[in-house]
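A single chain comes next, written as structure tokens; it is the form predicted on its own.
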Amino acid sequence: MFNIKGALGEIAAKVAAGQRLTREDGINLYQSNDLLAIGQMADQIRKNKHGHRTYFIVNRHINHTNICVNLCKLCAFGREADNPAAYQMTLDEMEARAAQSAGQNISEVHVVGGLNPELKLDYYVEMLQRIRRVLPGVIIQSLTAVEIDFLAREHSMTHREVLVALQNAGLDSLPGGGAEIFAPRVRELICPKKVAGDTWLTVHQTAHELGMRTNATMLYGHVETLEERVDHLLSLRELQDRTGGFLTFIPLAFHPQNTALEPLGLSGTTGYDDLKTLAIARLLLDNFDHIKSYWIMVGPKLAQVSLSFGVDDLDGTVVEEKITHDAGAQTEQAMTREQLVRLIKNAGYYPVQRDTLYNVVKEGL
């Protein structure tokens, strides 16, 4: 299947035989400079799973507040409550934002924001109820594991109790944000107040036990080592072995501009690192159906190239995105359905419009 020799030859043989790769294999892949060989292996797995089908979603992002008690060093979005740039949307404003998408055939509303102590559980319950009322058929994917843990601590509740209350109000799925890098060493440097990696995993496990499907992420390209990236991926693979609850994996390329990490001289990721990370994720995460290239972070052109490096999903229309753009992202904040279809077709792939759960909405586009 592969004509790959040298240091990657043994890994290629494993991939061809359908064998699970080890931690050592993951580290060797990251240490290799043979990007095309890594991409070739990842592309074969992608073709085995999906052929040339490439998924996208018509969705709407809403960032309801940037007030946050954590103010992580990795983040350019969060603000203290008294900052002139701080904001929090009222429930009426949230409902109005959601209502803007009525009639646009969107499949998903995606809501994430800061840890704002003024917004209690009843705010989120009513928010979900209002979104459900104005968009009755839409899947609501909202609140990261970090936000779930914050609400649990604020109300002296368990993660399960918070999730059940939100699920009853209309929550369907959790996004993957807040995972960053699970290694405690890294979290102490970039987000010391954020929940531990084990807590993030526990919240997602609980969501899976309640029947929710969720996403997984990894923020890379800052102070982490290659070994810590591999360990992060393997922690996700282990939980997926136990629950099968993850829908997709989304590597998130770090953007340093306007963050507290910018003075360290971090320049952001390169296209080479982006493609390698996406491809290695496809190789290591053998129990994940989907690998997503988030065009907001890597740009639409590199997202096209990534379709030959193991990626089968380009996310969606988004409409409004503040978090990455506050950190210097130069991409547009939205892409039309037609633009996404053209992007996929021009790369030689077959576009499939999906919903959050990867049910096909429309193909033959």
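The structure displayed is predicted, hence computed values, not measured ones. Note that residue numbering follows the sequence shown and begins at 1.
One more form of this protein, predicted together with a small molecule, exists but is not displayed; see below.
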(request) Indicate whether the small molecule has at least one heavy atom within 4.5 Å of a heavy atom of His255 in the predicted bound form. (result) yes
(request) Check whether Thr277 has any heavy atom within 4.5 Å of a heavy atom of the small molecule in the predicted bound form, and answer yes or no. (result) no
(message) I'd like to know if Met297 sits close to the small molecule in the predicted bound form, meaning any non-hydrogen atom pair within 4.5 angstroms.
(response) yes
(message) Whether Asp43 contacts the small molecule in the predicted bound form should be assessed with a 4.5 Å heavy atom distance threshold; does it?
(response) no
(message) Since the partner isn't included here, can you check whether the small molecule sits close to all of Gly176, Ile250 and Thr259 in the predicted bound form (heavy atom within 4.5 Å for each)?
(response) yes
(message) Looking at Ser101, Thr206, Asn215, Gln88 here, can you tell me which has any non-hydrogen atom within 4.5 angstroms of the small molecule in the predicted bound form?
(response) Asn215
(message) Please identify the residue among Leu219, Ala169, Leu201, Leu234 with any heavy atom within 4.5 Å of the small molecule in the predicted bound form.
(response) Leu219
(message) Only one of 115-123, 282-290, 129-137, 178-186 has heavy atoms within 4.5 Å of the small molecule in the predicted bound form; I'd like to know which.
(response) 178-186
